[in-house]
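First comes one chain, alone, set out as C-alpha cells in the form predicted alone.
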C-alpha cells in the first residue's frame, strides 16, 4: 500500500519561497530606512509615519511579516528534521502556529499605529 501524496506541500513550499525572496529583497531596505535613514535624518520621521498611516501600507507590512515568519518556520522545521529531531508532523503545528501568532501580533500592532 502506497502513501497518498501530500497535496498541501506545494503551498507550503510556495510560501517558503515567497518569504525567502521577500526577506532577501525587501528586508534590507526596510532595515536601512528604519534603522539608518530615519535616525540619520535622511528621511523625516513624519514622512515615514504618513506612509505607515496608509491602511494599504499596513496590510503590505503585515503580509511581509507573515512571509518572513513563515519562511523562518519552514526552514527551522526542516533543519530540525535534517538534524534528526523527530518526524515532520510532530513539530509542524508549533512552528507554523508561531508564525501565525507573530502575524497576528503584527496585525494588532499595525492597527494601533
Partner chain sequence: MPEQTVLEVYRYLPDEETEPRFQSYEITYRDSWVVLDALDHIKTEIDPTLSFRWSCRMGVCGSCGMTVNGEPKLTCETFIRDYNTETIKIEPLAHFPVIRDLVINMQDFMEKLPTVSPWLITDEDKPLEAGEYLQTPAQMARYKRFSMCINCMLCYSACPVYGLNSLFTGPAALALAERYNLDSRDEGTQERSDVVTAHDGIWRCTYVGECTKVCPKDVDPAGAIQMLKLSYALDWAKSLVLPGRGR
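Positions refer to the first chain, counted from 1. These figures come from a predicted structure and were not determined experimentally.
The same protein also has a form predicted in complex with its partner chain, omitted here; what follows describes it.
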At 4.5 Å between heavy atoms, is residue 97 in contact with its partner chain in the model of the complex? no
If you check in the model of the complex, is residue 13 within 4.5 Å of its partner chain, heavy atoms only? yes
Using the arrangement in the model of the complex, list in sequence order the residues of 3-17 with any heavy atom within 4.5 angstroms of its partner chain. 3, 4, 5, 6, 7, 9, 10, 11, 13, 14
